[in-house]
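What follows is one chain in structure tokens, specifically the form predicted alone.
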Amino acid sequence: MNNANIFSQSGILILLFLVAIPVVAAAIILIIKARAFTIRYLKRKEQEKFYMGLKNMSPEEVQQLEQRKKELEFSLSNNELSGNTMPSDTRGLVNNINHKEDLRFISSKKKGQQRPSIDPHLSKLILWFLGCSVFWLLLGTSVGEYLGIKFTAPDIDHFSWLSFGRLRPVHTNMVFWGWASLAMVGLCYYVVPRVSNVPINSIKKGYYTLYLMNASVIIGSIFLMAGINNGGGEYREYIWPVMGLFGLGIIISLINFLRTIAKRATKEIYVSNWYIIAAMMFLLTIAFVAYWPSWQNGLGETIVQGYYMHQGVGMWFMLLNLGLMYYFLPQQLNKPIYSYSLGILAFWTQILFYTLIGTHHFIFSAIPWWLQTVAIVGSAGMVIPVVAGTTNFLMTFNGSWKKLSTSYTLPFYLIGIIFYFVGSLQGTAEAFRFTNLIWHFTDFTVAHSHLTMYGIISFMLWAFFYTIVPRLTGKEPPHITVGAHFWLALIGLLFYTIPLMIGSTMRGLMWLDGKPFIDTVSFMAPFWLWRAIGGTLMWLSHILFAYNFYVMVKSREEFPIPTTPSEILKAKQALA
């Protein structure tokens, strides 16, 4: 294909359109920035003119300001009518008037206490983690948006670097290791020292993790686009040196957190730290098992793939997010977690059952029948931690439902909890042999993965973002754009998943009836259109989220001009 007809390809045109959106947005931001710069310049000039006038102020004008300052600062001494003599109070009418008995039938209330401030250096580190994660969310889901369009128009391009086989792992790995992982680790740098009641052991090591994780995603994405990949299975397309950088970053932060917890000022280790430390240890174990070459052959690789794929979701993303939820939800509701014991029950039962369920992706395959059965039993056992965790969170919500109407963060928490229950139990239902026979190898798995990784992980992370960033920066996002982000993400997710689940069920039944494969492909076309529509709404919500994050972290230079005589005189003294 020559360069003359490159731009006649609809895929290239769509790609250019997608690229044009951030370019146009950047141009708009540039115009806004230029306008703000002009306004700041004019204010600075006005300020300079004011101070130039102060230098040329005459002694008479200074005297007038001094006189006006005394007039404004004058206040009564409250003894103009009584003098300085103490009143005679033989009956105790005056001396006892300030003493008041509390009403016995009204319990005394504690006043709200200001939250302790966070180290500004640690705050900067956390914001860098969160800012990088927002960037990867935008970029990764822009790739996903293009892939969704390709489902409705599969021939829109004919270039290897835009092929579905290369872009799909770019999308999944970018949102897994770039968006979700960076956000979670950044939030851990807030939670771990906070619940340990001590400073973080080393801020410098946090930056090492930040650099290594970002380097892993950048290098891995470039390699995937170039066709250099592991080729061993889904979600482990990064070659081992690239994943090694990511693992090294996690090791550094794990040691950092362990040393912080070891110095804790509290006797107990709060449940959040249980989840966080366990998730990081499991991630290292999962990655080692997935990339060690000894068993990467035949059925061994298939079993390892099932283990890695499901443990990555359940023992890294899910486990760590639940740990963050155990801190942020009670703190946001201003009440303790409903049951600490339920949290510990959910923790240990998730470790017991989730580590067994990976091979339920390979029901009716050549792997041993007993191993398939163990995976199904483990999937059914997941009902225990899911119900325990959901009950714990909803009972913590109990009595605070009215706060939903006035809070822009709690709806994200609630939707995340709801999807945690629905998505996790849907995974249990998929594991049974009959439903697996219908749904496996269809887009039902895609719908399920988005219900969990998007409905649970992303909604929870957004809740944590909107909770913590205003505390670190002192700035809140516009409530209208937070609401738009919430509804676009939620409606988009429903448009994405529900049609796919319906169409995939019918497609699986068509396969069982022996229908030609190509007929089932044509049948799915309208459901893939809904997928593209839902994905577009989700993608638009991410743009709003990025804008909200920008509003929360941007700094604004102020140019105050003194107005009162006292302020003007202080400015005059500063110039002297």
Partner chain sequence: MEFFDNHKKLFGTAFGLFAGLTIVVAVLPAINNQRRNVPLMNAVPLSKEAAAGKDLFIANGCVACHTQQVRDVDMDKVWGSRPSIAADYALNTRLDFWRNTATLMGTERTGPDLSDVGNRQPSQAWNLLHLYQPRAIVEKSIMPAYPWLFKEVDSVQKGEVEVIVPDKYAKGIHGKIIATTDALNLVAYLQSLKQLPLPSGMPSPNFLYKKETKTNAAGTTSKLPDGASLYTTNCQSCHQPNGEGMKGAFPALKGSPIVNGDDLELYVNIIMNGYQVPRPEYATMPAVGTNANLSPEDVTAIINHEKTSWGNNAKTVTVDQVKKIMDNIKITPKN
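Numbering follows the first chain given and starts at 1. Remember, it's a predicted structure, so these values are computed and weren't measured experimentally.
Form predicted together with its partner chain: not shown, discussed below.
Under a 4.5 angstroms non-hydrogen atom cutoff, its partner chain in the model of the complex has residue 522 among its neighbouring residues. Remark: residue 294 counts among the residues lining its partner chain in the model of the complex, judged by a heavy atom distance of 4.5 Å or less. Its partner chain in the model of the complex comes within 4.5 Å of a heavy atom belonging to residue 370. Its partner chain is not shown here, and in the model of the complex it never comes within 4.5 Å of any heavy atom of residue 171. With the partner omitted here, the stretch from 461-469, 200-208, 379-387, 295-303 that lies within 4.5 Å of its partner chain by heavy atoms in the model of the complex is 295-303. Shown without its partner, this chain lists 307, 176, 421, 495 as candidates; in the model of the complex, only 307 has a non-hydrogen atom within 4.5 angstroms of its partner chain. Only one of 431, 134, 187, 286 lies close to its partner chain in the model of the complex, with a heavy atom inside 4.5 Å, and it is 286.
Scanning 267-294 for heavy atoms within 4.5 Å of its partner chain in the model of the complex gives 267, 268, 269, 273, 274, 277, 281, 282, 285, 286, 289, 290, 292, 293, 294 in sequence order.
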